[in-house]
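Heads up, the chain below is alone and in the form predicted alone; it's given as structure tokens.
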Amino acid sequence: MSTALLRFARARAALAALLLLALFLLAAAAAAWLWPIDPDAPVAAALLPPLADPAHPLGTDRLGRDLLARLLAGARTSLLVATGATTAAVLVGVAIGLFAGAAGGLVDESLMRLVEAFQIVPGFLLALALVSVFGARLETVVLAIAAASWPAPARLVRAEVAKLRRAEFVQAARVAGLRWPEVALREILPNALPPVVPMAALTVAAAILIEGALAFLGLSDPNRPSWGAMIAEGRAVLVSAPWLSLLPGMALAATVLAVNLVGEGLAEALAPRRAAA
């Protein structure tokens, strides 16, 4: 693990992206202390341009709400949704992939057909359908994105488990008298998890994009600011006040790029370790 961390530290782009992502996380978590302005309350003249007023450095929107406060609140919404959806998707995917790969036979075939049934539908369309049916609450958005994201880690873990179950250390554990569930949890699962780590980072990036797209279409929680909703709100004044859409769009793009770079760095750092193993 220390070798993998050293490899990651040498990847300058991934390390810089990780630092940028850490700043986003810190800003989102400490928004109330860093910029104690209500993101939903009108605080100044409408459509105040950036740098026109030191009290509102990024300007205001059409209702006079502080844009910096709304960007920080939108970061909290996007990261909360992405983290929750990715956690749920990885937990479900790992559990199903481990069970399918360890059980084999008819159980494996049945679960893989279920995975394929979910993968037939594009992730965004599945999330869109679920949110449209069950409502645009934050919890629904998280579960909808998780439902669209769990098949990928399930297939990956199932493939790793199917390969590892023939390894010598697994056979030795069986000979030592361990039951198959114990072997799967204690011996196979820890060795099947490393490739899931970079996939989880990519899932976070995809979840941020899906949440932004849903918010852009008006299918996000109306009680929470969202970058996608801010981009959509700025369309009506795109010519006269382009910053209303440009700033949240830049924040969304920078966050997704940072997460993708971190995921690529993790994949490159873990690949030599797995090859050596």
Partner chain sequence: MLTRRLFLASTAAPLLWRARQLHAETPRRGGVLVVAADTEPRNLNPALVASNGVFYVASKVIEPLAEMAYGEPGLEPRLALAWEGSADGRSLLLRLRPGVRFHDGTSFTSADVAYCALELWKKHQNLGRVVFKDLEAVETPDPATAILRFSAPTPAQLIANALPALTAVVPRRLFEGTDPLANPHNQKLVGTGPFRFVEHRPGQYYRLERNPDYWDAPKPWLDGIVYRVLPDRGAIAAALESGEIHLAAFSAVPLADMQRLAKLPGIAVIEKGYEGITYQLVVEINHRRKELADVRVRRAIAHAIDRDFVVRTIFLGWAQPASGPIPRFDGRFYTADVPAYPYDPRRAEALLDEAGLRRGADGVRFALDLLPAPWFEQTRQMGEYLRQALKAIGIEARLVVKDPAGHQKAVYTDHAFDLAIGSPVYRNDPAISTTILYESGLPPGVPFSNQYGWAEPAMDEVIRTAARAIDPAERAALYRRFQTLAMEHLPIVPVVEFTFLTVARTNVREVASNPRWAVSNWADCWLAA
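Numbering follows the first chain given and starts at 1. As the structure is a computational prediction, the values presented were derived from the model and not from experiment.
Keep in mind that the form predicted together with the partner chain is not shown, yet the notes after this line are about it.
- The partner chain in the predicted bound form is approached by L63, whose closest heavy atom lies within 4.5 angstroms of it.
- Although the partner is absent here, R137 lies within 4.5 Å of the partner chain in the predicted bound form, judged by heavy atoms.
- Within this chain, P42 lines the site of the partner chain in the predicted bound form, having a heavy atom no more than 4.5 Å away.
- Taking the partner from the other structure, the partner chain in the predicted bound form has a heavy atom within 4.5 Å of a heavy atom of P222.
- Every residue of the trio D38, A46 and V239 has some heavy atom no more than 4.5 Å from the partner chain in the predicted bound form.
- Annotated contact segment (heavy atom within 4.5 Å of the partner chain in the predicted bound form): 239-247, selected among 51-59, 206-214, 239-247, 27-35.
- Contact residues in stretch 144-175 (any heavy atom within 4.5 Å of the partner chain, taken in the predicted bound form) are absent; none meets the cut-off.
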